[in-house]
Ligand SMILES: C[S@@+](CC[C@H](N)C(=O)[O-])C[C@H]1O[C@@H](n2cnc3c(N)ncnc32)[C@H](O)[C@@H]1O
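Okay, so here's just one chain, in structure tokens, the form predicted alone.
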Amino acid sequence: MQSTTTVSWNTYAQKYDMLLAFNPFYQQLQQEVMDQVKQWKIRPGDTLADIGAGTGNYSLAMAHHFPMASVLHIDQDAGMNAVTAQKKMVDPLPNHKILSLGVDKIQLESASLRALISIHALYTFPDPSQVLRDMYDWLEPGGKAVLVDAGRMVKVFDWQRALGWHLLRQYGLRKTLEIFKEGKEVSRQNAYIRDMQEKGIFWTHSHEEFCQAVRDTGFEIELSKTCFRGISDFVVARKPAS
């Protein structure tokens, strides 16, 4: 019988932030996303959302930067949300709300969001095109979306090698080995992600295909590029004002 591997997002959550602290590629991506977010024109009382928000690194940063707005952290994984809740124990952020919901269970009114982000989540959803249509509906006219999606196959060994060279230069051999030992579960989960990509369970796409999927929804694309060492697509989109 053929074995089936599945990604344990709960397990992934336990080590994700540790890897983020040492991985320059994650750090660069977070900086690029927040550079775009900080350009948003947000009014008091506006609502923002992070769809597939993971361990809250982006949603919490948004809540910090826009204290006059409400920020919805939306993710269905209990482990991811638990890590986010732990962070909020240190910094409560009353304008930040965690919603434990699958993407198919989100019930937001049309035009209720001023802006949203979705980072490395779309490819995991059963129907990414429907999620894009929902995002378009949830945004008010003129609303912005920052969408980053992993469209190409995860090359686990290639990533380990690139990260290893960086860590060796930065921290030396002993610390590098400690980091890899601590983060081995992330590599295992990334291998599972690749397996699900190969089986067609997770969405794979070229940069052009991703941009076209965004345009097909009705969005106007203001910026598009590849990122994350070429694996992911980075799109800044806008719902037309009329």
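All values derive from a computational prediction rather than experimental measurement. Position 1 is the first residue in the sequence shown; the rest follow in order.
A second form of this protein, the form predicted together with the named molecule, is not displayed here; the remarks below concern that form.
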Requested in this report: State the residue from Trp40, Phe180, Tyr26, Tyr192 whose non-hydrogen atoms include one within 4.5 Å of the named molecule in the predicted bound form.
Outcome: Tyr26
Query raised in the report: Of His166, Lys97, Arg152, His120, which residue is found within 4.5 angstroms of the named molecule in the predicted bound form when only non-hydrogen atoms are counted?
Result: His120
Query raised in the report: Would Trp138 count as touching the named molecule in the predicted bound form under a 4.5 Å heavy atom rule?
Result: no
Query raised in the report: Within a 4.5 Å heavy atom cut-off, is Tyr58 in contact with the named molecule in the predicted bound form?
Result: yes
Query raised in the report: Going by a heavy atom distance of 4.5 Å, is Ala49 a contact of the named molecule in the predicted bound form?
Result: no
Requested in this report: Decide whether Leu101 counts as a contact residue for the named molecule in the predicted bound form under a heavy atom distance cut-off of 4.5 Å.
Outcome: yes
Query raised in the report: in the predicted bound form, which of 107-115, 124-132, 158-166, 88-96 comes within 4.5 Å of the named molecule (heavy atoms)?
Result: 124-132
Requested in this report: Can you tell me which bits of 73-105 touch the named molecule in the predicted bound form, meaning any heavy atom within 4.5 Å?
Outcome: Asp75, Gln76, Asp77, Met80, Leu101, Gly102, Val103
